[in-house]
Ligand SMILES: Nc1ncnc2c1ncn2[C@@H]1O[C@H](COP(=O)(O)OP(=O)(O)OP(=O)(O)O)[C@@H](O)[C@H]1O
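Before any questions on how it binds or moves, here is one chain, the form predicted on its own, in C-alpha cells.
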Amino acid sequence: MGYGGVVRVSTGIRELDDALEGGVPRGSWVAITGEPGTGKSIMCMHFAWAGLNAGDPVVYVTTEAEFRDVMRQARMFGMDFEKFKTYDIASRAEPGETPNIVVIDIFGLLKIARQLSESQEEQGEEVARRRRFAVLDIETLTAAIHEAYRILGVLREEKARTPYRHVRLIIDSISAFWADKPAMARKYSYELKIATHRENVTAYLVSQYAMTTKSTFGFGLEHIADGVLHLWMDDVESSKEVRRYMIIKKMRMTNHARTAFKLEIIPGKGVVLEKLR
C-alpha cells in the first residue's frame, strides 16, 4: 500500500520503484516508449519477473520476438522464466495444469483470428473472409487476452470480463497493431482500453518511436495511458558510444521523480538506473 491508500505494483527495478513512491498504481496502463535498443523489452521482462515472484499471473503478448528468445535473453539478466509454468496460446492442447504465464505471439493471434472467422461465418462469407487473416487486429488481440484470462483461471465464469485476481499484462509492442494505419492509433488504443482495462489488470504497453520523426509511431497511446516511461539514447554517430536514458513523463496518482536517469543494461542484473547529477 502506497501513499494515499494507493496499492502499488513493483516494476521489478528498485530505483524505478523508489522514483514512483513504491511502484506503479495497480490497474494502471503504462506506456513504455522509445526507439529500438533503449531497453523497453528488458523493462517488460523485469515487470513480468516481479509479478511471477509476487504470485501474479502474467499475460505476455510478444509481436517482436518468439517467447523462447525472450526467456533466453531474460536468463542473461538473472531472470529464469523456466522456473514457472508457461503455456503458449497457439498450442492445440489444453494445459495440463494452470500456468503462471500465458504467451500470445503471432501464431497465437493467428489461431484466435481463425476462431473468430469461424464463429462469424453465419454473418456471411465476406465478413468471415475479411476476418480470416486479421492477425494484428484489436478485436483479435482482445479475444486472445480474454482467452488467456480463461486459461489462467482468473475469471469466475467463462463470459466474465474482469479477472478476480491481479494480472500483469504485457504487450510488446502495441505499435504492431496499427503499423499499417498509424493515424488510427488513438482510436485503436481507446478500443483496447475499453475492452480490457480493469482494476485488477496492470499493463505495460511498448510503443515504438519512429526513427525519422523521433516521436511515437501512431499518435494517441500516450494520451490514454496512466503513465509514460520514456527511453532514449544519445546520437551514437556524435557520441561514438551507446548512452541510454529514461524519464518518467507521467504517472497518475504518483508524486514521481522529475529528473532523468541514466539507464545501463548489465549482464546478470538487467536494467539499472542511476539519477543524473
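Worth saying up front: this structure is predicted, and the values here are computed from it rather than measured. A residue's number is simply how far along the shown sequence it sits, counting from 1.
Below, we refer to the form predicted in complex with the named molecule, which is not included among the displayed structures.
Residue 46 falls outside the set of residues with a heavy atom inside 4.5 Å of the named molecule in the predicted bound form. Residue contact check for residue 73: one or more of its heavy atoms lie within 4.5 Å of the named molecule in the predicted bound form. For residue 230, no non-hydrogen atom is located within 4.5 Å of the named molecule in the predicted bound form, even though that partner is not displayed. Although the partner is absent here, residue 28 is not a contact residue: none of its heavy atoms lies within 4.5 angstroms of the named molecule in the predicted bound form. The stretch that touches the named molecule in the predicted bound form, counting heavy atoms within 4.5 Å, is 74 to 82, out of 99 to 107, 74 to 82, 145 to 153, 189 to 197. Taking 246, 225, 42, 58 one by one, only a single residue has any non-hydrogen atom within 4.5 Å of the named molecule in the predicted bound form, and it is 42. Contacts with the named molecule in the predicted bound form, taken as any heavy atom within 4.5 Å, map within 22 to 38 to 35, 36, 37, 38.
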